[in-house]
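Listed next as structure tokens is one chain, alone, in the form predicted alone.
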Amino acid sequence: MQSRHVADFNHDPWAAGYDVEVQNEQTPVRAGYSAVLDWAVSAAQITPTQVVVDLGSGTGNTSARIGAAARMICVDISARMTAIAAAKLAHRPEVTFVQADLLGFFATQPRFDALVSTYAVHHLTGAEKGDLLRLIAAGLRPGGRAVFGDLMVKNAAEQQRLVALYQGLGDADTMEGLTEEFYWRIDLTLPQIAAAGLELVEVRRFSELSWGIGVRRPAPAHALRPGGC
């Protein structure tokens, strides 16, 4: 399985300037960027014994915030962004890099204890987000968390309001993102989370467009009972 628009969202052409661009949090799509990455890593509750996936790892800004782990798998379709991330994380022998599509990565049927993804999943269509959540649920070990920090809106009405707002401000770039990319619709995502068999842990807003969603794969009921086997 591959995402429908994988070729459109390969960020090779923008890799060299990406880290400078994201530092400008005055632009609406970058507002809250650092706080989102910090929160995502904290909310994933990663421990030194765990296998963690950074899905859509880009230039490694989220991966660089992750502390000790048994293994960290950085997944991105962009070879140029991955090369930048590899240089940043060269001192981390537990880190491996996989050049793959956000959905295609799961064809290997990986098993992992935690997953983080920042500013990547908005490249998937609404239906593909549901596919992704099901794939994550299949690979995530019981009790593990998946945390997403990304560009999101509450619902269709808010999306329309924001399009009108940025159109009125003459901000064509932000308006284009809201209309031509696939920002998460939180009202549609919550049922997809439940359908995938995951539990919602937290929804948090960081700016007009940046939000965080944390989910958890429930542990089996017998594992919660003292003496369960």
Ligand SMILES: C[S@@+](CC[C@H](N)C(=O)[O-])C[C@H]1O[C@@H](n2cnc3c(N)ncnc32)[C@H](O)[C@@H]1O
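Given the structure is predicted, the values throughout are model-derived calculations rather than measurements. A residue's number is simply how far along the shown sequence it sits, counting from 1.
In what follows, reference is made to the form predicted in complex with the named molecule, a form of this protein that is not presented.
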Checklist entry - Even though the named molecule is not shown here, does it sit in the model of the complex so that Gly56, Thr118 and His123 each have a heavy atom within 4.5 Å? => result yes
Item to check | Stretch in contact in the model of the complex with the named molecule, which is absent here, among 156-164, 45-53, 32-40, 182-190 (heavy atoms within 4.5 Å) | outcome: 32-40
Next on the checklist: Within 4.5 Å, heavy atoms only: does Ala100 come near the named molecule in the model of the complex?
Outcome noted: yes
Next on the checklist: Residue-level contact is defined here as any heavy atom of the residue lying within 4.5 Å of the named molecule in the model of the complex; does Phe206 satisfy this criterion?
Outcome noted: no
Next on the checklist: Contact with the named molecule in the model of the complex for Met81, defined as at least one heavy atom pair within 4.5 Å: yes or no?
Outcome noted: yes
Next on the checklist: Whether Asn61 contacts the named molecule in the model of the complex should be assessed with a 4.5 Å heavy atom distance threshold; does it?
Outcome noted: yes
Checklist entry - Given that the named molecule is left out here, which of Leu132, Cys74, Ile77, Ala114 has a heavy atom within 4.5 Å of it in the model of the complex? => result Ile77
Next on the checklist: If you apply a 4.5 angstroms heavy atom cut-off, which residues in 1-27 are near the named molecule in the model of the complex?
Outcome noted: Ser3, Val6, Phe9, Asn10, His11, Tyr18
